[in-house]
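Here we start with a single chain on its own, the form predicted alone, put down as structure tokens.
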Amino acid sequence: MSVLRPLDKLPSLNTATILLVGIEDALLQQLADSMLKEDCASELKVHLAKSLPLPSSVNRPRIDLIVFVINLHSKYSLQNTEESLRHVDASFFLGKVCFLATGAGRESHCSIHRHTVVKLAHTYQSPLLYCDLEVEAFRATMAQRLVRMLQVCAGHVPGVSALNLLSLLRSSEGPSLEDM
């Protein structure tokens, strides 16, 4: 069991790999299926994991983007994400990690306050996306967005790097944490 590093594997030609990390197996699988339906010039590979670290015995490709899916209805989901983050190398946070919060539509059922997730994303200098993955139209839109982010992170979009994308996403966010 080791720390996940972005450059520990050689890239495959025309292949982009995303790792979805979260405790909601069914939602992750539905999101993965939606992503695989998207039109992509690259070969798209989607890997699912409940938590990190990944088993070292598994022969896996280089991971271009990690998405931590946090269900706002489950404190265990947040705890699992926080524990998994310890197994990610700091260089991944240069545009190759994002957080996806789901379940924000039914705020009365939330166990985790949105501010907690905003603070987590701010701490790791990573984008935070919101989407109710249980609604298919929203899931399809998020899948489309993640595929586009993945193409950038894999280096398949000329003139745009993962760090450029991170900068763009951060500048389009709302007020900073200090302003709140």
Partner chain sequence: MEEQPQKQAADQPADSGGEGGEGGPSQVAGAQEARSEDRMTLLLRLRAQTKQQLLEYKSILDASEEKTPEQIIQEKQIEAKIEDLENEIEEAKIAFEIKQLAIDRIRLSSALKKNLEKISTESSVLMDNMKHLLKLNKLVMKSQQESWDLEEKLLDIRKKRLQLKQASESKLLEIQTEKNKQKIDLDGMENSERIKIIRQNLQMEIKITTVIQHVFQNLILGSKVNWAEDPALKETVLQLEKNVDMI
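Positions refer to the first chain, counted from 1. Treat the numbers as computed from the prediction; the structure is a model and nothing was measured.
Although not depicted, the form predicted in complex with its partner chain is the subject of the following passage.
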Next item on the list: Indicate whether Leu120 is a 4.5 Å heavy atom neighbour of its partner chain in the predicted complex.
Entry: no
Item checked: its partner chain contact at Glu136 in the predicted complex, heavy atom, 4.5 Å -> no
Note to self: I'd like to check something about Val46: if you look in the predicted complex, is any of its heavy atoms closer than or equal to 4.5 Å to a heavy atom of its partner chain?
What the structure shows: yes
Notebook entry, point to check: If you check in the predicted complex, is Ser42 within 4.5 Å of its partner chain, heavy atoms only?
Noted result: yes
Checklist line | Whether Leu65, His87 and Arg148 all lie within 4.5 angstroms of its partner chain in the predicted complex by heavy atom | finding: no
Notebook entry, point to check: Can you tell me which residues in 5-41 come within 4.5 angstroms of its partner chain in the predicted complex, by heavy atoms?
Noted result: Leu7, Lys9, Leu10, Pro11, Leu13, Asn14, Asp25, Gln29, Ala32, Asp33, Leu36, Asp39, Cys40, Ala41
